[in-house]
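What follows is one chain in structure tokens, specifically the form predicted on its own.
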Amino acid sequence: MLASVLFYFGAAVLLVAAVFVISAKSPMRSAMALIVALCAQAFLYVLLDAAFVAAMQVLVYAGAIMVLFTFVIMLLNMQAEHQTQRSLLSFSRLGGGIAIGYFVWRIISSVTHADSKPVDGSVLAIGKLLLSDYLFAFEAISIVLLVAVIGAVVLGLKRLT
């Protein structure tokens, strides 16, 4: 009973934070809401007895990646441009979010097996799965991160010229 209540609480926090990520007027507030969403997701991993995945979620995504995102937001100083083009930016965020969600769904559905069995949460077991059964999804995520970094560099160069 307590586990169900905690799960619904974590899921509600995750959903509210995710909605705030795409609806926030400030890019910095959006990034902070994303940190809350990532921490709520780590909480759900803890409830699923995946402590290693939860720790990596907090350390890698909520920690290192979000430091990079906030650095890029502060470097680009997008606040002034964001307020003048609010409606166009909201529409492009929605379309981009739908497209990214579709591609992530396709990647996940292509690697999900109907006869999959539970795996222990050890680092060795997760590493073997990532580099064998889920290699395509692992590499696809690295390409998405590479494109994000290239996009940040292009935006930064465009602003400097």
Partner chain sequence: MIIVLSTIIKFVIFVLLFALPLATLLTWMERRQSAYSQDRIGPTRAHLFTLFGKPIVLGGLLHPVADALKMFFKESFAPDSSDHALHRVAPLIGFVTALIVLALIPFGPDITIAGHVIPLQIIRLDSGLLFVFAFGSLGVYGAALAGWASNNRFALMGGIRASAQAISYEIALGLTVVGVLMSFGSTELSEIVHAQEGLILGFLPRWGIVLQPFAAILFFVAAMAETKRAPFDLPEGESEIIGYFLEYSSMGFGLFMLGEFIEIVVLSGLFATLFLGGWQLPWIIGESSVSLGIFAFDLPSWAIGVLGMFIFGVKVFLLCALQIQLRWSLPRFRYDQLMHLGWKILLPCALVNIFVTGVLVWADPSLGILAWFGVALMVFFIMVVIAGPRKVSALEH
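Keep in mind it's a predicted model, so treat the numbers as computed, not measured. Residue numbers count along the first chain shown, from 1. We call the rigid core the largest set of C-alpha positions that still match within 1.5 Å between the two forms.
What comes next is about the form predicted in complex with the partner chain, which does not appear here.
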Practice task
Indicate whether residue 37 is a 4.5 Å heavy atom neighbour of the partner chain in the predicted complex.
Solution key: no
Practice task
Please check if residue 97 has a heavy atom lying within 4.5 Å of any heavy atom of the partner chain in the predicted complex.
Solution key: no
Exercise for the section: Give a yes or no for residue 44: in the predicted complex, does one of its heavy atoms lie within 4.5 Å of a heavy atom belonging to the partner chain? Expected result: no
Practice task
Could you confirm whether residue 106 comes within 4.5 Å of the partner chain in the predicted complex, counting heavy atoms only?
Solution key: no
Practice task
Run the contact test on 132, 142 and 148 with a 4.5 Å heavy atom cut-off to the partner chain in the predicted complex and return yes or no.
Solution key: no
Problem - Contact set, 40-72 vs the partner chain in the predicted complex - heavy atom within 4.5 angstroms - result: 46, 51, 52, 54, 55, 56, 58, 59, 62, 63, 64, 66, 67, 68, 70, 71
Exercise for the section: Take the rigid core as the frame of reference and indicate whether the C-alpha of residue 19 shifts by 2 Å or more between this form and the one not shown. Expected result: no
